[in-house]
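Just the one chain here, the form predicted on its own, laid out as structure tokens.
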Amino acid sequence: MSQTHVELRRGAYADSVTLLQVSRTVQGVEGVTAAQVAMATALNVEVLTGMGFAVPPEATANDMVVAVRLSDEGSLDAALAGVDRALTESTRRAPGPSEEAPPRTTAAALRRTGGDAVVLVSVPGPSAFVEAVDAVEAGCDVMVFSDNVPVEQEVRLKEAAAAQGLLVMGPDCGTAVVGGLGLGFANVVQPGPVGIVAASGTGAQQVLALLDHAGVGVTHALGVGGRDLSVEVGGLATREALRRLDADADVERILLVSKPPAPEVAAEITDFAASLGTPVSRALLGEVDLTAATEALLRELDREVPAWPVTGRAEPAPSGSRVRGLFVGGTLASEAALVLGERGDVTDFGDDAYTSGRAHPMIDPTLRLEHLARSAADPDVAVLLLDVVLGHGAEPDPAALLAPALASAGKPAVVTVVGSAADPQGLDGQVRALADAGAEVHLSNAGAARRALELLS
């Protein structure tokens, strides 16, 4: 008979990626049918409750929850031993020839390197500002991967950087390609004539993937953070990024990518772009979708616009009236919501509300899979619309977990796979696995959303 065990470990802490790895390790222990080891944030407690675990009401975000479901009670000791072993392994340092202690702050690390570096900050949001300021004060460009950073801290950081001619990418900057080197979630692409400035991580990745399919390379893709074109931030990093690309002789054309920006900021940036020597094209959601903007860019470069690939075919929905969009990419979610209008419900699981105390859904699919199961059981849902984002930093085999869930959902599914031919997950294999599960798979997110609408009728 199935047994559950829930244990609260007061004051114990590990980061969300470590706990994801621990959970996956424990799921492999004989006799364990489900396992979740997580900090007891409100969101994680909700997920655990949805999985059928009763979390003690006294749990706080400073406590660790160990929850396992067992095929029989006799497996509990082995399961808990597996948890302890995985946690210990996660903190064990690799043996090396040096006994030198690692630096404990960004400033200390930069003193060792001499300060000539691009600094990537990836710590919990409340701690990110201090580390990023350290880097700016040392005269370095910074990529702030962290989310949940207050906007007033972002403004102070970018004003300090602008005064020194430095670039702050982020906060919540998930993607950048600097001189061919990918930072964060980044696709593998060839160098070429295009430079990208993106207040949008997965928006940049969609353009990278489409250009790669069209045979056009990208020299740099500079993320600036999703709020950079807001009224509060005023495009501080966008201006610096545009200046950098304009000064690069290898960049023939710049593409500015963003979710719908503040209109007054977009107008100011347009005026600034017009003062540059390099032509700047716009891929601003609300004006144009990312696929159409990429096609326009290809024509400007006198390149052929290819047919965007579609693999598999979904059949029209037999019942239900709505499209349910379950996305890991924020810009992809925004684009889909604009296409679907009132006939769609779209959730962005990469939003700050879903990542506090959890790994990003491009690494940890647990939350989206839970909502996928709910959507499959919802009679109002006619069609499922999802994204899969490939590249360095993302889950090594996203189709392995998503395909079985889609196959058992019993509803037509349309999936966008955003990736390049050289991405480590293998673009063709991921597409084939999802198509074999019954999904219709697109490279164009806008095309996928329009197809989902067609299936309603």
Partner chain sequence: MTSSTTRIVNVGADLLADALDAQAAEVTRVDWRPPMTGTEADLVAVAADPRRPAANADALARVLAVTATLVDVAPASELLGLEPGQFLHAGPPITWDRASGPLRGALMGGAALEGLVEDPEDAVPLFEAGTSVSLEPCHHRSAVGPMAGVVTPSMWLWVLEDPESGRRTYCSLNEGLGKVLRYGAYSPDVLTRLRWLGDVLGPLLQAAVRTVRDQQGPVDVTGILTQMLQMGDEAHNRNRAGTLMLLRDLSPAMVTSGYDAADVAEALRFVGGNDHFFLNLAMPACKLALDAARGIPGSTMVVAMARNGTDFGIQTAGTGDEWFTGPAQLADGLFLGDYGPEDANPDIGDSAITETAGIGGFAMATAPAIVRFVGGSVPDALATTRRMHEITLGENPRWSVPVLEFQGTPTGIDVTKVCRTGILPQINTGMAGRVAGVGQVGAGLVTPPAEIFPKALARLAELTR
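Keep in mind that this is a model prediction, so the values were computed, not measured. The term rigid core refers to the maximal set of C-alpha atoms that superpose within 1.5 Å between the two forms. Residue numbers count along the first chain shown, from 1.
Only in words, not in the display: the form predicted together with its partner chain, which the text now covers.
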{"property": "Its partner chain in the model of the complex reached by all of Q21, R104 and R111, non-hydrogen atom within 4.5 Å", "result": "yes"}
{"property": "Contact residue in the model of the complex, from H213, R322, R244, R253 (heavy atom within 4.5 Å of its partner chain)", "result": "R244"}
{"property": "Among the candidates P124, G312, G286, G234, the residue which, in the model of the complex, approaches its partner chain to within 4.5 Å (heavy atoms)", "result": "P124"}
{"property": "D116 within 4.5 Å of its partner chain in the model of the complex, heavy atoms", "result": "yes"}
{"property": "Contact flag, N62 vs its partner chain in the model of the complex, heavy atom cut 4.5 Å", "result": "yes"}
{"property": "Close approach of F129 to its partner chain in the model of the complex, 4.5 Å, heavy atom", "result": "yes"}
{"property": "4.5 angstroms heavy atom contact with its partner chain in the model of the complex for P260", "result": "no"}
{"property": "Stretch in contact, per heavy atom within 4.5 angstroms of its partner chain in the model of the complex, of 268-276, 370-378, 216-224, 347-355", "result": "216-224"}
{"property": "Residues in 368-388 with any heavy atom within 4.5 Å of its partner chain in the model of the complex", "result": "none"}
{"property": "Post core alignment: V17 C-alpha displaced by 2 Å or more between the shown form and the other one", "result": "no"}
{"property": "A409 C-alpha moves between the shown form and the other one by 2 Å or more, core aligned", "result": "no"}
{"property": "Core-aligned CA displacement of A421 at least 2 Å between the shown form and the other one", "result": "no"}
